[in-house]
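In structure tokens, one chain follows: the form predicted on its own.
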């Protein structure tokens, strides 16, 4: 695999691990300058991108590169001055057909709306796991700002929330060409607030978002604890809502489960339609895989597709990542892989150590879900915002790993086993009466088993 092919394959997998907005922001105009002696040097356009990739995404990038080439031991980033043209941007007619099919399309996002044209309803697979969110989205498309306003879609990582939100934006843009649409991640909104405050341009920032007809904000769980950003979004929400403009949010959890979120903003999130996306069943996973392989004209045998659908169950992004690996094989060998070859190609994906559950993984998942530090979960604090997550962690250790009560008590600062028994029985009882708690544990389990 050449250095350009290696980077294209890396980008193809990266697009499913980070948001499209972040992908376009930090990975546009990047390419591999050199690959030798186990090192890969990636060209980036500026120092800001260099620092962000090194600090935020280097581990993900290295792991993908390493999975594609086991000889790679290091990734470095180089700022190249002047108009550099990536090798991956060769003229289209000079490239093999299969290679052009693999080219990442997210970089063609509209500069005004931030929407990628690749996300449409036509290639969104609907199943029992997402039919409510899909139906609500279609209703919004027909009457923006009238029904289901705001629309709040939540579900685990990699289940298609971004695809659905962008499909709504693209459809409204096509059907109501006069409407101003803006899609962005909560991280980008936060960066905008910080930049506006620093540069004394807060009025311009506000007018940019309060003058739109449709505002779509992805991954709002990352607003937790960011008071100034929450304040700006709150006032933006009120302005748009009063004007009858459509507002759409997504998160990896329902509003009530987002800790460190102002109550007034939480009530706005809950004021419209809340729709969840759960885990896809086998039939839906097969439909997704077949649709993706047909888009690329890969012609992969059914036994290979069934193997992928059977072994990757909790994350659509992982499904697409697996397809990217099969597509790379197709491109390099000019044929589809057989079952044995596919098993070898996907071994690191399907047999990843991250799939095995450990006490540490459960504690990490619970801590992240409730925006706590792991040490807070294990401490002796009696604060309500800590007590409930701690009891849930104890319950999951018992249910998922069949840990003994003494072991659980010892794990939490040497507590008596009766404390663990009480916590597990309390959560088990609450689960019978609280649908919201059932949802929360479902989302936490997705984190535990999803990566």
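Predicted model only: the values in this text are computed from it and were never measured. Positions refer to the first chain, counted from 1.
Keep in mind that the form predicted together with adenosine-5'-diphosphate (ADP) is not shown, yet the notes after this line are about it.
The shortest heavy atom separation between residue 124 and adenosine-5'-diphosphate (ADP) in the predicted bound form is within 4.5 Å.
When adenosine-5'-diphosphate (ADP) is considered in the predicted bound form, residue 253 lies well away from it, no heavy atom lying within 4.5 Å. In the predicted bound form, no heavy atom of residue 311 sits within 4.5 Å of adenosine-5'-diphosphate (ADP). Contact between residue 281 and adenosine-5'-diphosphate (ADP) in the predicted bound form is not found at the 4.5 Å heavy atom cutoff.
Just one listed stretch, out of 126-134, 366-374, 202-210, 235-243, contacts adenosine-5'-diphosphate (ADP) in the predicted bound form at the 4.5 Å heavy atom level, and that stretch is 126-134.
Among 331, 161, 325, 171, the residue placing a heavy atom within 4.5 Å of adenosine-5'-diphosphate (ADP) in the predicted bound form is 161. Between adenosine-5'-diphosphate (ADP) and the residues 187, 262, 110, 320, the one pair within 4.5 Å by heavy atoms in the predicted bound form involves 320.
Contacts between stretch 366-389 and adenosine-5'-diphosphate (ADP), counted in the predicted bound form as any heavy atom lying within 4.5 Å, involve no residue at all.
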